[in-house]
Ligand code: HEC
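Only one chain is included here, represented as structure tokens and corresponding to the form predicted on its own.
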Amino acid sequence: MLLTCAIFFALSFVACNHQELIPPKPFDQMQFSEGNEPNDLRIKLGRMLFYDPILSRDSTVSCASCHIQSMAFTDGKKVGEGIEGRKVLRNSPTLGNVSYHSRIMRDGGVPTLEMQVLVPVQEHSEFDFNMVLLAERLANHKVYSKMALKAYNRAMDPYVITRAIAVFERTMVSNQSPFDEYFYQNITTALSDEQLEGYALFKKLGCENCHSGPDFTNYNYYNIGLYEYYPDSGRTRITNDTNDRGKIKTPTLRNVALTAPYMHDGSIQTVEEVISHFASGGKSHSQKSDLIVDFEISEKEKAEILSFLSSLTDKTFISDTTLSNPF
């Protein structure tokens, strides 16, 4: 979570004019990969594969093991866990609105959802399997082999596996929070005065510099001064540019009340602690973003921001039966 604040403000906060609050624009039309346009059968196949531990070498771990619907498709753990309890490098991010990301993973190392499916399958710390061997396993599965032919007109293979899971993940759209009801559906009772004050303060502090748009992220990468020395080099792993050390993609704030712990390594337990981190200005690091500047905030103002962030919880999303375990 990245509550970046660009400028120091003396926070003698006054009541805002709620009519002047300008929310993010609604989500644009979703884009699908060519040849992987959605239909009911493809989505059904992807949903089944997402929840089936058959994808892991020992058939103990599924995609849903690290992406639990009630937690907005996170897992509540500091870092994800694969087969045999192996620890993954980073905290499991929410899959809400993942279809709108131009690049996938916290360091932006994967360009498409289809390609991302390859990562956990073949990663030693996750499924520890081989995509070719997985395809052979699924091709011998009576139900999956028939569904592959009907959905993609081809035998079960890596193409079908990656496309089906990706097309299901694109259905994970979260846009029915109280915030959406207030600003996009004109339900004036959806937000309290405290939540509106918190949103105004959020904007006043410049948090929108990074948490902008309908998904409350600009999908850019920042070093936020989390550490003086980063054991995880962040985007440098992808670019080999030392100027990118410690830079991680700005996460969405949607459903943030459900997605603890926070940061790419799960090192912060609560939203309150995240706010305190940014209020402190972060730790010194040569690559720390200029947007990270210390500020003062009262307990009342902190409560207002927390209340606003709670308005981004989408209960419809976490209870949608079309996204739940089909087995």
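Residue indices: 1-based, along the sequence shown. Quick caveat, the model's predicted, so the values are computed rather than measured.
This next part talks about the form predicted in complex with heme C, which is not shown.
Among the residues Glu194, Glu181, Glu81, Asp157, the one placing a heavy atom within 4.5 Å of heme C in the predicted complex is Glu81.
For the candidate set Leu138, Leu113, Met147, Ala72, a heavy atom within 4.5 Å of heme C in the predicted complex is found for exactly one residue, namely Leu113. Residue contact check for Val88: one or more of its heavy atoms lie within 4.5 Å of heme C in the predicted complex. Put simply, Phe295 is close to heme C in the predicted complex: some heavy atom of it is within 4.5 Å. Heme C is not shown here, and in the predicted complex it never comes within 4.5 Å of any heavy atom of Ala164. By the criterion of a heavy atom within 4.5 Å, Thr250 is counted among the residues contacting heme C in the predicted complex. Three-residue candidate spot Phe127, Cys207 and Val274; every residue lies within 4.5 angstroms of heme C in the predicted complex by at least one non-hydrogen atom. Looking at 146-163, no residue comes within 4.5 Å of heme C in the predicted complex, counting any heavy atom.
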